[in-house]
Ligand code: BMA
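Shown here is one chain on its own, the form predicted alone, set out as structure tokens.
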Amino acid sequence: MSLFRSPHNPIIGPKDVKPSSKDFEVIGVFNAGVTRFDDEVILLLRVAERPISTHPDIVLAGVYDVALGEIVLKEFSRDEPENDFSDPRLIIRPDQTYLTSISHLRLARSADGINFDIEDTPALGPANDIESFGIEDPRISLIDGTYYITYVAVCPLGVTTCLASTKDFKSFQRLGVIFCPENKDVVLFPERINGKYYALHRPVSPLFKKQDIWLAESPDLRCWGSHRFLCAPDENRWDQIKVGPSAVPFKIEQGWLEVYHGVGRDNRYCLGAVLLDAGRPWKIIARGEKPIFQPQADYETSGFFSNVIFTCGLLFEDDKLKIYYGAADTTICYAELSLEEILDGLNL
């Protein structure tokens, strides 16, 4: 499958984003929600910041303190045997796991879709106990004139998905938790189907080690039920370990096309495609046997978490998928794929 990567990639990197505080450094900007607003491309960036440690044997973690209304720093010694730093994203202790970075959401705007003006301060940051370890991976769905944003909230209670809304990308309304732990990768269909709202989501079953894609419906975007299993990793394909929704589904003549992410036995994050029935989104029409996009460029195979291509949003325009994606959990990049080639890969 032919793929166009922008020659300007990465189009946004950590050096392009101002830290939210002098005590932090930006180590990653990735996994952006995408939409168009006022003839501009809007990215809602996930900005991962790390507290600056002045001692090589001390690792710091930023945690939002509800009582103080600010982020406080916790110290962990590399010399303490109980501290596990084997995953660069985590500080694992017997009593609690912490994140080595804390994320917020930052707005970026562009007239041409490549060169972005990035705001200096967070659009949305940790603000309550559910978000004390940060907020991540936004998806943006325009529904009936309102932009709804699903995002991941992390705290000691687990990983939840929250909802926010805006009409102007200046003020945002938090609407609370819509999927309880452990659930993430929630994407809202951009229109009602037979009078109901629908969402794809990815619950986790630790007992059976399941990370599958499910479908839920709602009368009001707040209360979700009628959950249905949609699809699982497939040991005979490229996504043998786990799958999850990525971009907001978009409607084409054949149905709803969903670009999802999957992880194989080689621990690479790639993107795939699945086609859902227009009126019955719980029905899969076709699913690609091969990934549509996989890590190959240096900035995709090497970084904070290597061999990762992960998207939270794309624009479908001129029969092309204009994909904004996180590369190696470090930068934002841009690529284009032909709809025709994707559908050919689905054997339609």
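A quick note: this is a predicted structure, and the numbers were derived from the prediction, not measured. Residue indices: 1-based, along the sequence shown.
Separately, the form predicted in complex with the named molecule exists; it is not shown, and the next lines address it.
Using a 4.5 Å cut-off to the named molecule in the predicted bound form, each of 30, 137 and 269 places a heavy atom inside that distance. With the named molecule left out of view, the stretch that reaches within 4.5 Å of it through heavy atoms in the predicted bound form is, among 51-59, 294-302, 276-284, 30-38, 30-38. None of 227, 192, 89, 237 but one reaches within 4.5 angstroms of the named molecule in the predicted bound form through a heavy atom, and that residue is 89.
Checked against the named molecule in the predicted bound form, the residues 251, 174, 196, 242 give one hit for a heavy atom within 4.5 Å, which is 242. Taking non-hydrogen atoms only, residue 64 never approaches the named molecule to within 4.5 angstroms in the predicted bound form. A residue is said to contact a partner when one of its heavy atoms sits within 4.5 Å of a partner heavy atom; residue 308 meets this definition for the named molecule in the predicted bound form. Within this chain, residue 184 lines the site of the named molecule in the predicted bound form, having a heavy atom no more than 4.5 Å away. In the predicted bound form, not one residue of 98-125 has a heavy atom within 4.5 Å of the named molecule.
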